[in-house]
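Shown here is one chain on its own, the form predicted on its own, set out as structure tokens.
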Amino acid sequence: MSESTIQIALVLPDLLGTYGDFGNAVVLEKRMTWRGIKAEIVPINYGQPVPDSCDIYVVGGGEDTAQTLAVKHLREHPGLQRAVTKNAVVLGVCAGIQIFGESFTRADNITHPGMGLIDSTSHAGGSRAIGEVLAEPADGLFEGVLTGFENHQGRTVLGPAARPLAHVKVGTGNDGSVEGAVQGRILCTYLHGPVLPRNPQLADLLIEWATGTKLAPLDLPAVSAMRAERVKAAS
């Protein structure tokens, strides 16, 4: 593997950082550093150009107005879209799964074009999904169950080019049946927590995609204990 530094773009944390999802970027950086992989976080705030040279892009959650502003910004500064064509890894959380799709319809019934990065559409559901989620990985994508906290009104329908991240056992996810989306190296989820501290196997999957290297497990008893507690609480 090259000794070059893995750059983690934290995209629009000032707009899409309502639920502490910046923690996902921190976990990626730490889990690489602990393995001797050089990594750094590159914050990109509203009004700043989005570079197309980063290895991983992390997008968090936000409310309707923030989503609309984020799409406007990312269209005006299309570095993320260019990076996707170069096989960059992308994590989209909550607002991310909606704005990365073909379109999203807000609670006011106004439909906005998405970025078209994943084959999906999103719309406002009849009730808000709030609470713990427990889901089984789809197609053996990762090991162990997926856990997290959801707080959203969106419902997301996947098209044939996208596949679900997991199958819901407890909670709502996209629609009460499946949770998240995977298309190429783009991985999306509705789950907060943040999702990567609660699911380190998911963080390692993204790192493996970015580095092209199979990772050895990390021995972190405190993380394992926290995860077991969360799984038990959601079951």
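From a predicted model like this one, the values you see are computed outputs, not experimental measurements. Heads up: residue numbers just count along the shown sequence, starting at 1.
The next section is about a form of this same protein that is not shown, the form predicted together with a small molecule.
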| item | value |
| --- | --- |
| In the predicted bound form, Arg128 touching the small molecule (heavy atom, 4.5 Å) | yes |
| Contact test in the predicted bound form: Arg31 vs the small molecule, heavy atoms, 4.5 Å | no |
| is_contact(Gly173, the small molecule) in the predicted bound form, heavy atom dist at most 4.5 Å | no |
| Interface membership of Asp64, the small molecule in the predicted bound form, 4.5 Å heavy atom rule | yes |
| Candidate site Tyr57, Gly101 and Arg185: all three near the small molecule in the predicted bound form by heavy atom within 4.5 Å | no |
| Location of the small molecule contact in the predicted bound form, chosen stretch of 131-139, 147-155, 109-117, 81-89 [non-hydrogen atom, 4.5 Å] | 147-155 |
